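Encoded as structure tokens, the following chain is the form predicted on its own, with no partner shown.
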């Protein structure tokens, strides 16, 4: 294979996810088609694509950054340590997980190797944009009342630019291109796990629960 052909194939695979969407736009077809996505290079090293999961009639889509190590292996979103934090916070806020839909802005696990370990690496703006058609399709199918952005990458996938979470936390914004679709801002549960000591983690967890209680009380 000549270099020109290799370069052509490489460029073709970086055109974004749009060409890989199925003709039938429903959750089962989308979940099957995402495994064949070559819209960016992340598929090359991930175990599998991890699509969203939850109620197809959810009022709220909970949007994270990308699958983690456990999600990459199991093929489901928010089933690792951050998912456990999310489950606990949802329960404390009186929100049933089976009533929401959880997904990520990027559908493949991005990581860097450290020996035998695979350590989380934040996706780039190009990778977030390349994966955007999958999120758009999920929104089109579910038709939610709003999206809960869990962290800055999730917010960036909606607003297109780096986003300050603390400045906009608990704010209810409108989607920039979908009139009437609400956007609620909070932290990613993984940020709680990164706190240095137990007191900090407990305090941040309580703040996260208060965010979700505000969501349930004011925007249910």
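Residue numbers count along the first chain shown, from 1. It should be emphasised that the depicted structure is a prediction, and the values quoted were computed from it without experimental measurement.
Although not depicted, the form predicted in complex with a small molecule is the subject of the following passage.
Within this chain, residue 78 lines the site of the small molecule in the predicted complex, having a heavy atom no more than 4.5 Å away. Among residues of the shown chain, residue 68 is one whose heavy atoms approach the small molecule to within 4.5 Å in the predicted complex. The closest non-hydrogen atom of residue 64 lies within 4.5 Å of the small molecule in the predicted complex. Looking at residue 82, you'd find a heavy atom of it within 4.5 angstroms of the small molecule in the predicted complex. Stretch 69-77 is the contacting one of 69-77, 88-96, 138-146, 111-119, since its residues have non-hydrogen atoms within 4.5 Å of the small molecule in the predicted complex.
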